[in-house]
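Before any questions on binding or motion, here is one chain by itself as C-alpha cells, the form predicted alone.
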Amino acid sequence: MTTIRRFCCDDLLRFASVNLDHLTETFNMSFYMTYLARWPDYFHVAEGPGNRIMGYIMGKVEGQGESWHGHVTAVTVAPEYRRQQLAKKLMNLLEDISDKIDKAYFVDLFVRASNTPAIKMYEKLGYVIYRRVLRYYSGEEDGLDMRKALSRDVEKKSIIPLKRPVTPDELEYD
C-alpha cells in the first residue's frame, strides 16, 4: 500500500535512491530545506511498505496578479515504482493545493526537451507547451515550460503558447 504524506526532514536522509535517475534534477540540502520551510504544502512523498520512499514532488507558489501560479520544481518516481500512476497522484495533489487553497491561475513546470516520456505524461495530465527556453539546463539543453490552467483562469489565457523561444535571462523569478 502506498501512502502519500508531507515530506519531513528525516526524508532528506532517505530519498537519495529516488534521485539516481539521470533525468532527475538534484539539489543541495539547503535548497530542499528552503522548500520544506517555505512551501511545506507543496512538498510530498510517496511511501511504500517498509517505509521505502517511492517518489516525491517538490514545488512552490509564486508570481503576482494573473501570473500567480503553482510551480513543480521536481517530481520523480524511483524506476521500480514507475507505471503505477504515482507521478499522476503527486501532480494532482500539487494542482489541487494550487487551485483550491492558493487560488492560483495555473501550474507550470520545466522539462528537458529530450525527455519524451515525461513530456507525454504531462500532456496526458493536461499540460501544454507554453514556451521553449533555450539552453535552460546547464546552459546546454533546451527546456520546455509546460502549463496547465486552473479553475481561476476561466479564459485559459495562461496557456496560450508564446510564438518564439526565450532565454533563461527572460524568465521571471520570485
Partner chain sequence: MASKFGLAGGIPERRVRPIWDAIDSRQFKNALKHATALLAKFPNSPYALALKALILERMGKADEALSVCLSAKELLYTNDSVLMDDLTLSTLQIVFQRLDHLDLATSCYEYACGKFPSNLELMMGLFNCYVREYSFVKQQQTAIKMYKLVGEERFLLWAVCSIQLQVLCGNGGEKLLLLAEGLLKKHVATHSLHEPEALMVYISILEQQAKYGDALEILSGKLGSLLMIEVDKLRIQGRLLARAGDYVAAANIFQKILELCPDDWDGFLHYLGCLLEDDSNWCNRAVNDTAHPPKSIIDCKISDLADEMFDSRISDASALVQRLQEDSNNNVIRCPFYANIEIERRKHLHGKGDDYKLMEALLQYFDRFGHLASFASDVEVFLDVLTPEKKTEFMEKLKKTSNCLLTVPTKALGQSITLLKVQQLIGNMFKLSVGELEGSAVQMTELYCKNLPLSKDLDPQENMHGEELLSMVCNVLVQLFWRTRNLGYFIEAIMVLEFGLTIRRFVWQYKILLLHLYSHLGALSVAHEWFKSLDVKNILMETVSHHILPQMLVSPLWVDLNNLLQDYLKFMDDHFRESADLTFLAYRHRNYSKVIEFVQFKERLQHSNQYLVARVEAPILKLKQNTDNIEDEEATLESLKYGIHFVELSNEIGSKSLTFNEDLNLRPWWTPSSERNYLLGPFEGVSYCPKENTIKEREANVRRVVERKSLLPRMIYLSIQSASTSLKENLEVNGSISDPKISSELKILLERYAKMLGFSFFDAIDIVSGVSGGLKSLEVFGSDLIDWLNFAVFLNSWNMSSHELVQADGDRSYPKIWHIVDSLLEKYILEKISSTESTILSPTVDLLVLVQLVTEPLAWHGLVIQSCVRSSLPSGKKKKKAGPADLSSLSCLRESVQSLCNITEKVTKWVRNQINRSEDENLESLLSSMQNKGREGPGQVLLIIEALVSSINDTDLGDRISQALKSWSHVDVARKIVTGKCTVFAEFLRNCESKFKMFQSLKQQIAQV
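Positions refer to the first chain, counted from 1. These figures come from a predicted structure and were not determined experimentally.
Although not depicted, the form predicted together with its partner chain is the subject of the following passage.
Contact between Thr73 and its partner chain in the predicted complex is not found at the 4.5 Å heavy atom cutoff. For Lys157, no non-hydrogen atom is located within 4.5 Å of its partner chain in the predicted complex, even though that partner is not displayed. Among heavy atoms of Pro40, some come within 4.5 Å of its partner chain in the predicted complex. Taking the partner from elsewhere, Ser151 is found to have every heavy atom lying beyond 4.5 Å of its partner chain in the predicted complex.
The stretch that touches its partner chain in the predicted complex, counting heavy atoms within 4.5 Å, is 110-118, out of 59-67, 130-138, 143-151, 110-118. Interface residues of 11-34, taken as those with a heavy atom within 4.5 Å of its partner chain in the predicted complex (partner not displayed): Leu12, Leu13, Arg14, Phe15, Ala16, Ser17, Asn19, Leu20, Asp21, His22, Leu23, Glu25, Thr26, Phe27, Asn28, Met29, Ser30, Met33, Thr34, in sequence order.
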